[in-house]
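Let's start with one chain on its own, the form predicted on its own, as structure tokens.
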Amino acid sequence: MGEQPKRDLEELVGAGHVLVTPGERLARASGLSYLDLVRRRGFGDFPVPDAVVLPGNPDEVQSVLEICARHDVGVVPFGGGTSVVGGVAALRGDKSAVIALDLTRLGELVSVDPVSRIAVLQAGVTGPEADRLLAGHGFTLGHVPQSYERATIGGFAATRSAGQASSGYGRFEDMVKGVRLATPRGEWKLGVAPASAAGPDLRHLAVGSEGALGVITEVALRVRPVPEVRRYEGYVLDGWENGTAAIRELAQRHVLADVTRLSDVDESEVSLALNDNWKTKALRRYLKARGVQAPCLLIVGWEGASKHEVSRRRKETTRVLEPYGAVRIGAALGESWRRGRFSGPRQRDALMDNGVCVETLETAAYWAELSDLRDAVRAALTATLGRAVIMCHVSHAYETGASLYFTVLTARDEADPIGQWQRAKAAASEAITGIGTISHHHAIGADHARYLPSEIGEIGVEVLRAAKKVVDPAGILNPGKLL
């Protein structure tokens, strides 16, 4: 980066908030995908930002963009750095320099309206910190994705995040009531009422824009009272088709638990194998005695203001499960899942240390196509990788369909680990195209951009390009992402 833009940025945010050492820049150079991690282990190169800039408030974010537009410097917004689709890669496009715009200092709870149940949070607040700040007012977001421990409010909004309890609390875009963005053309604020017929809802253009249409600095969010009671349980259903039919009926009768997660036979077998003790052996014997041939584990969890409320909702859910032969395993399995639900990244590090290629991908489809989609993705991955463990679960369910979340493990190709996964991911993405969405909650980033036209059409891409041209005429915002 040239000296003049560096001096201008230092004058704005202070020299101590413009970081240029290799370690500081490297720390904001990529996300947490398998390819990001394997490159960090020495299997290839990746771009590194020329500097890291840490603005202290929304006005400084706005000024940073104006400086970068003036000097034609690319800007990559950076929150928790948890993107797994190349969303925070330091791509520069046609720019001579690029900065990582670290929003960590935007960490305030701006306001709470307890009457309307709306809280305004700055973009750099992490999931745990948001709940800590809101708990002081008796509220919670109820938004708990796998990235919860590190990801930020701005990142949740920019990627249309979905939490594990979205059946009860809603996806993140359902929570967003207003948004404040900085753009090279000026500040953009959206959201003035609970509902509006004043043209298309442009909040949904900002939410999911992945930093390509502006930098989200504040988000107004619907909040809920902190639940007094939480109850998580485990069940087993016999077979994938039977299990998904049960989940579909729960969704269509509107009696889903807040958390509803159904594992297929392969994922269930791995879960049982990882806990191979006398209790697991006894469970296997019990399931066999009950006639269960293809166990599919189901985790359900309810949260509410009272034991009575949770008990009532639990009865509504279990009443639907009974005709599908659901075998109750008990609260221990549900609580075990709840306590360990953020352990995946640590387990992945251990597997990678032992030469394993381990990655995830996700999609969603209508109920009528859901099993076809699962089969197609599994076939594509198997054909590309050969011997591999391919696990799948329903992570979110809706009246009309559900999401599928795949976890893949195979021996790492030491000669070409990057190409190995790139080929597998491309095959899976091609299998998804035309059946389901290329992303249910991981977003587009750089990795999925080539598949977006197939989903939204060329006219849709032109609409997005036109919007970007209006707010970002020089194209400095998150080059190479989304479009």
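The numbering used is simple: start at 1 and walk along the sequence shown. Predicted model, so just to flag it, every value in this text is computed and none were measured.
The same protein also has a form predicted together with a further copy of the same chain, omitted here; what follows describes it.
- Not displayed here, a further copy of the same chain is kept clear of residue 218 by more than 4.5 Å at the level of heavy atoms in the model of the complex.
- Although the partner is absent here, residue 470 sits close enough that one of its heavy atoms falls within 4.5 Å of a further copy of the same chain in the model of the complex.
- In the model of the complex, at least one heavy atom of residue 210 sits within 4.5 Å of a heavy atom of a further copy of the same chain.
- With a 4.5 Å cutoff on heavy atoms, residue 190 counts as touching a further copy of the same chain in the model of the complex.
- Heavy atoms within 4.5 Å of a further copy of the same chain in the model of the complex are found in exactly one of 230-238, 281-289, 201-209, 130-138, that being 201-209.
- Taken together, the three residues 172, 335 and 371 all stay farther than 4.5 Å from a further copy of the same chain in the model of the complex, as judged by their closest heavy atom.
- For the options 143, 261, 180, 160, the one in contact with a further copy of the same chain in the model of the complex, meaning a heavy atom within 4.5 Å, is 160.
- Screening 307, 339, 117, 328 for any heavy atom within 4.5 Å of a further copy of the same chain in the model of the complex leaves a single hit, 117.
- Interface residues of 319-355, taken as those with a heavy atom within 4.5 Å of a further copy of the same chain in the model of the complex (partner not displayed), are limited to 319.
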